Ligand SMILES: Nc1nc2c(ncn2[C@@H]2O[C@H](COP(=O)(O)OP(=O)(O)OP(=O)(O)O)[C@@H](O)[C@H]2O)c(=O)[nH]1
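Just one chain follows, in the form predicted alone, and it is written as structure tokens.
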Amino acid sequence: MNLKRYRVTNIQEALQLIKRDLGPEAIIVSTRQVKEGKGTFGLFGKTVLEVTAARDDKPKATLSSALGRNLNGQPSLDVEEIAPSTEVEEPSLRSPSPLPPSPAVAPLPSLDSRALQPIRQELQGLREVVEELSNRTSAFEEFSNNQLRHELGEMRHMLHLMASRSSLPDDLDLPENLMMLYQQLKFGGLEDKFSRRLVLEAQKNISDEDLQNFSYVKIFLARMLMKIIRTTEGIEYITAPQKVVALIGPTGVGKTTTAAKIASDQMLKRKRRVGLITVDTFRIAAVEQLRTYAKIINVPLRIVSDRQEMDKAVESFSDCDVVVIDTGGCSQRDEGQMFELREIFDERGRIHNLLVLSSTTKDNDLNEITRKFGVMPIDGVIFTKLDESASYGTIFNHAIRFKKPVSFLSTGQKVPEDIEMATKERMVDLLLNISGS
């Protein structure tokens, strides 16, 4: 076996060299791309094609030569001699003579295992190269996908900016910094009339020199917003010796999880004795969920269904500092459920009602929900699912429109970590991103 390697630029060049050196009987064993030249591990060299070819120099017995001689080494009959005659002979009555045994065909000589060893090595090397190329291809595809997602995000951001610039109102003549903050307020979901009022009021009260300072203008708007919104710092606004709060609101906003968070926070962080009450009038599954939470945080739970049972449950928790009441989901358009809920929680003063709303809900739906639940006293608002929302202007729209203070902000599903007392600074930061400036 005669093996030779060639480093060429293309396969045509390799074929010419192989035919010249090894003859037309040669075969190509393997091909691979390699780097040649200086540099660490050849990384900075030129990439060429390495072709390995082989030719078997041992004589091979062909079929014609094998058939050309019989077992005694004598030439066999010519093909024309054994060809059937075209003349038709009369059938003979004599029994035909037996045919002589056909000569056995000599087997082709097998290749020496030592001659095959270089081919096996080349094949193993080829397998390793293919595996390495496959790994590099997978890593490159993952990198390319990440790059593509990043570039798509940047393109989406640029499209938003272009759309905002093309939709700027013609009647607003604002300095550049105020115009940029006006766009940021609009992007954050703040209603246009509220955004206009803020920037126009700021333009009146900020000097021309200070208007050139973007940070100053941004802080000025933040202070204006802090004067508009109200907060209760959780349930600390309740001055009664026993703080009794009820969480009311529509379905799917996370009232049960929020009730567990408040109870856990009051017990673990503030070292207060806590009792839990749930109203099972609407949704039985919420009762089981709250029962599980009560076992985990080790607080007593009472289940009630009407006003009389509620009064008895609250009295049974007379030794508790805080009583948290959870209610089942109630659609604001279900008059029957709203009537039952109002029968229990329409009393002002003893039970403090907190309306639970999702920050992902549309402005129109928030308005309808607040008006319908407004038949009961609402002492504060809890906004949930902040982790599922990309804009927080709806919180300010609601606070400005209904003038209801915000008590808590819920930022996830973890109990009790993902809840915080609402502060003006935190809410303004959500809208203007002061901390990230």
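Everything quoted here is computed from the prediction, not taken from an experiment. We number the residues from 1 along the sequence you see.
Omitted here: the form predicted together with the named molecule. The next part is about that form.
Inset, instruction - Heavy atom within 4.5 Å of the named molecule in the model of the complex: which of Q183, T232, S264, Q289 fits that? Just give me the one. - result: Result of the distance check: Q289.
Inset, instruction - Using a 4.5 Å heavy atom cut-off, indicate which stretch of 22-30, 394-402, 364-372, 378-386 touches the named molecule in the model of the complex. - result: Careful reading of the contacts points to 378-386.
Legend entry - Heavy atom of V253 within 4.5 Å of the named molecule in the model of the complex: Answer yes; at least one heavy atom of V253 falls within 4.5 Å of the named molecule in the model of the complex.
Inset, instruction - Could you confirm whether G189 comes within 4.5 Å of the named molecule in the model of the complex, counting heavy atoms only? - result: So G189 does not count as contacting the named molecule.
Inset, instruction - Decide whether Q413 counts as a contact residue for the named molecule in the model of the complex under a heavy atom distance cut-off of 4.5 Å. - result: Yes, Q413 lies within 4.5 Å of the named molecule in the model of the complex.
Inset, instruction - Look up in the model of the complex whether S195 has a non-hydrogen atom within 4.5 angstroms of the named molecule, and give yes or no. - result: Residue-level check for S195: no, no contact with the named molecule.
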